[in-house]
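In the block that follows, a single chain appears as structure tokens, in the form predicted on its own.
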Amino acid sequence: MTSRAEDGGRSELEMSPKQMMASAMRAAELVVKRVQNLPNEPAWRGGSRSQLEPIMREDPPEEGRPSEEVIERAAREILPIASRVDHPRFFAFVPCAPTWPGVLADFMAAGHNIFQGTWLGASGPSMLEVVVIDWFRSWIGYPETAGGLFTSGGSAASLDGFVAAREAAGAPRQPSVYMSDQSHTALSRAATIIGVRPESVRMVATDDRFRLDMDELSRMIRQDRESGLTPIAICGNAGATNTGAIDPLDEMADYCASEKIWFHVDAAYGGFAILTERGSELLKGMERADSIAMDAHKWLFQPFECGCLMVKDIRKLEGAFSVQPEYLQDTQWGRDHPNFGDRGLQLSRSFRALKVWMSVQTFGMGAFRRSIGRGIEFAERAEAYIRKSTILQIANPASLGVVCFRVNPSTAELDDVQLEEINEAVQARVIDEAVAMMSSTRLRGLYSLRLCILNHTTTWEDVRFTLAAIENFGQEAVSS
């Protein structure tokens, strides 16, 4: 055999150990500095395409540049021009504040170049995914028959779940899926991808707290069956993105059992609240679902991407996805293990379970429970603050980590058009003056401000400071 030295030494795409260590250290120094300085930075920084084109547009170089120069440029010109979703005052959309062990886990998994589609390809990582998935199973309260897999996020998790639902229903020719009008677009998109016609993705009206109306659901399904549709899945929200609303999960489970329809729960942002006493009360009934989508990159504080699908009967998921081509015949080695490529749409899979495992091992479950609990507590305290304010008005009570409200001074008589203009202006000032990053929504057509409080580094002072600034900006806008 020819030695590497005889064959010319290193590849042109390799670095020496000294170069590898120096570049890794510099990259780590820049990331740690960014994390340390984060509270002093704005929660959002963006740039238009016309601004960014002259910075980034260039032909790829024929000859390479020093690694440190490339790293410095990425840290200076590219990575900072983005939402700082881990900023303590990032309250928009659904934030993500990863733990450092989770960040290191991604680095280590990438460094080991793990391919985790089969047990043969990654026995240790696959065993760890079995273990972490079993942690999730026990947290949810699922039976021994349950299992799942890590995915890129809730979108892929729901897609995989809907495939299992379709096959469990016998793959009917005219399938229909049901969800509340507050459900995430990922659900409707997943339904159409698996073959449900857009008009058969049925949006069910909600009550005054934005929870799915069971009477309306029953009426729609009865009518749709008479017209030839076959319901294959009903989706419940365990923390709707818009309002944090939690659908009547127990009632939905009862109905699905009686009608023999697959019950899927979208718990992408709210699911891990199950770890707290308050969250467990709010999410009662989730454990009765046939499948659950959860995102560890939200309320379990992991880096993107770290979604998960849990299925009450894992055989139904594997039956929907497992294929045995000749070129993978060797992966059937052994019979006492899963090949995770047989549980979802990805065969090429990264090792996502490591970051959850390293984070939990480093900090312990108590720290996670308390951190999740603070998000629920701060949202409820924010609601109490808003209710006492003479400037602000609750649009929807706090649910899990979300509270919706608007500027509407009790001393002013303003119509909805005026209020929308004022609230848009206030939101813009909050962002432009680097108070916080927050998003807006519409509730029954009314423009509302929205805070989503999930970050484990957020303090009550961050929330109070933001609400006080909104009050001040609102008062100034009304007075002008």
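We number the residues from 1 along the sequence you see. Predicted model, so just to flag it, every value in this text is computed and none were measured.
One more form of this protein, predicted in complex with a small molecule, exists but is not displayed; see below.
*Using heavy atoms and a 4.5 Å cut-off, decide whether V94, G154 and K298 all contact the small molecule in the predicted bound form.*
Looking in the predicted bound form, the three residues V94, G154 and K298 all sit within 4.5 Å of the small molecule (heavy atoms).
*asked:* Among the candidate stretches 207 to 215, 125 to 133, 97 to 105, 237 to 245, which one is within 4.5 Å of the small molecule in the predicted bound form when only heavy atoms are counted?
replied: Only one stretch qualifies here: 237 to 245.
*Heavy atom within 4.5 Å of the small molecule in the predicted bound form: which of Y269, F162, F90, F150?*
Result of the distance check: Y269.
*Among the candidate residues R166, R137, H184, R406, which is the single one with a non-hydrogen atom no more than 4.5 Å from the small molecule in the predicted bound form?*
That would be H184.
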